[in-house]
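Coming up is one lone chain in structure tokens, specifically the form predicted alone.
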Amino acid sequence: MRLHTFASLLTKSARFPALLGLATMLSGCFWFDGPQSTFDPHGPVARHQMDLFYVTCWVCLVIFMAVGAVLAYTNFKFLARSDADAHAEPPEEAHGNPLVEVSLIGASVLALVIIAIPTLKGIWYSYDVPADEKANAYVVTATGYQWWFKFDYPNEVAKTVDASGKTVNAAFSTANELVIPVGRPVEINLRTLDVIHSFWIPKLAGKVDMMPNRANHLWIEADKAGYFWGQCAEFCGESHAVMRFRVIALGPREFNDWLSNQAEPARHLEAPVADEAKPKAQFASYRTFKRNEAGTTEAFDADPLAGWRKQQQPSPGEDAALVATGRKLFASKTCSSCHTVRGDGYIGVVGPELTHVGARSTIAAGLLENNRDEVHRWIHAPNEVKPGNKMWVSGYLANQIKLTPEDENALVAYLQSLK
């Protein structure tokens, strides 16, 4: 193929991808502040990792411009400008110019060194809490399950009630929502009890794997109060795509208030004995959902931290008799064989702890907003929300659990009361 023909084809073939790439870059600018954008860091670890990304991008941009400039120069210099040029002998080619080859090798080594220095610094920095802050680090253990996350607070003590009615100490844990103090490093021990998972909070730190039979860890720190999206970033089974969690960063006073509330046994909303069998008027009809419909509202997405704070308060108009009925159904429908509710005598380890589930902003591992309709959606058809989950396979199917609309009403009321 003659040189001018080749250059013409090269120019035409490159035009569309270039325009497509430019359009993609420009459209991507509007996504940089999304809930899982790594371009909007809110902590020192995420900032170090973003800085490393920018260094790599700048080095690659310089290489791209240099190669592009040489290509443009050669295309222009040897362009066939007339029929005579098109039929002329091609210019003499030169191979093995020592100066060119040594320069290219030196430039490559220099580019690698420029990238390697901040890379190594970033690895050392993000591996563990800096030595001068280690003593002040808050420790949490995150454990991955198919398909949810458990968060243990080993330095905190929760309260529960034993069979004799005496208050005793118990382990302190939550599920799918990790609450941390602002401005304080948090060391997270990463574990898994089944397959490989990957723990990722894009705005606070990069992803780190949870490996079976192997201890791993990372650390994070939030600059200010905020609500951050996280998820599993390693394929781990049928519902991997909906294995999510949230990180809520709170100021010192608000964080301590949250710890105090979480340490208490389950909230009891007792109904008078005479009224226990007489619930108030039933809830209004639940709304219906399409399969794979989003589980959060626009109002919640606009300010999830405000939604989380509102969720800490008791819901207005609670029906104490209906809640009491739901508490009994929780045991009779075998929910208590998988879930712990401290203070109500339910101790299960297969599923998430539900002692204060009503105070969480999301359910179903960060997939659904924690409101009346979404809770009903989850307990009514959990397999449609998260295919293959153990609540459906090992609970509903294995134990042949059947729920009437009245049962669902009572269970929703009970779960929503656990603030």
Partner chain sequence: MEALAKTDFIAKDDQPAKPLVLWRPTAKTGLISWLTTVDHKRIGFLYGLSALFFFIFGGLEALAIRLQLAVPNNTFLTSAQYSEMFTMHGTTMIFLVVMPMGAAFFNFIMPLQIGARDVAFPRLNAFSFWTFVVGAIVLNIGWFTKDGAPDAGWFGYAPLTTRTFSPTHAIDMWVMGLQLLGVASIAAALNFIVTIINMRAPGMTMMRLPVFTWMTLFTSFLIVLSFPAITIALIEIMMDRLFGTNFFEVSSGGLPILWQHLFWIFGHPEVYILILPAMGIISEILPTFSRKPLFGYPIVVFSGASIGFLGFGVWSHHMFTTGMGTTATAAFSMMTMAIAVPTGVKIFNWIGTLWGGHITMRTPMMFAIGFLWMFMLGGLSGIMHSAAPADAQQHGSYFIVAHFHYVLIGGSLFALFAGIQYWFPLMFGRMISEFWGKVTFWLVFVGFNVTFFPMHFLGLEGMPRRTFTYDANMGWATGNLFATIGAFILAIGVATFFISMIYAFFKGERAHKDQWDGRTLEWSLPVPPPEYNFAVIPTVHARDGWWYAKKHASEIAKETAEHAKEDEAHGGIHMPNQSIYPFLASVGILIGAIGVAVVDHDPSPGFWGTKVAITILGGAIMFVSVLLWACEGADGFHIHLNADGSVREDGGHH
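Under this definition, the rigid core comprises the largest set of C-alpha atoms superposing within 1.5 Å between the forms. Numbering follows the first chain given and starts at 1. Since the structure is predicted, the reported quantities are computational estimates derived from the model, not experimental observations.
As for the form predicted in complex with the partner chain, it is not shown, yet the points below apply to it.
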Problem set entry | Partner proximity in the predicted complex: K166 to the partner chain, non-hydrogen atom cutoff 4.5 Å | no
Exercise. Is A331 close enough to the partner chain in the predicted complex to count, meaning some heavy atom within 4.5 Å?
Worked result: no
Exercise. Do G237 and the partner chain share at least one heavy atom pair within 4.5 Å in the predicted complex?
Worked result: yes
Problem set entry | R214: touches the partner chain in the predicted complex, heavy atom cutoff 4.5 angstroms | yes
Problem set entry | Interface residue in the predicted complex among V139, A225, A320, A80, criterion: non-hydrogen atom within 4.5 angstroms of the partner chain | A80
Exercise. If you check S315, N292, N256, T288 against the partner chain in the predicted complex, which one has a heavy atom within 4.5 Å?
Worked result: N292
For this session: Look at the stretches 98-106, 262-270, 248-256, 129-137 and give the one with heavy atoms within 4.5 Å of the partner chain in the predicted complex.
Result: 98-106
Problem set entry | Residues in 199-221 with any heavy atom within 4.5 Å of the partner chain in the predicted complex | W200, P202, A205, G206, K207, V208, D209, M211, P212, N213, R214, N216
For this session: Taking the rigid core as the superposition reference, indicate whether the CA of A86 shifts 2 angstroms or more between the shown form and the other one.
Result: yes
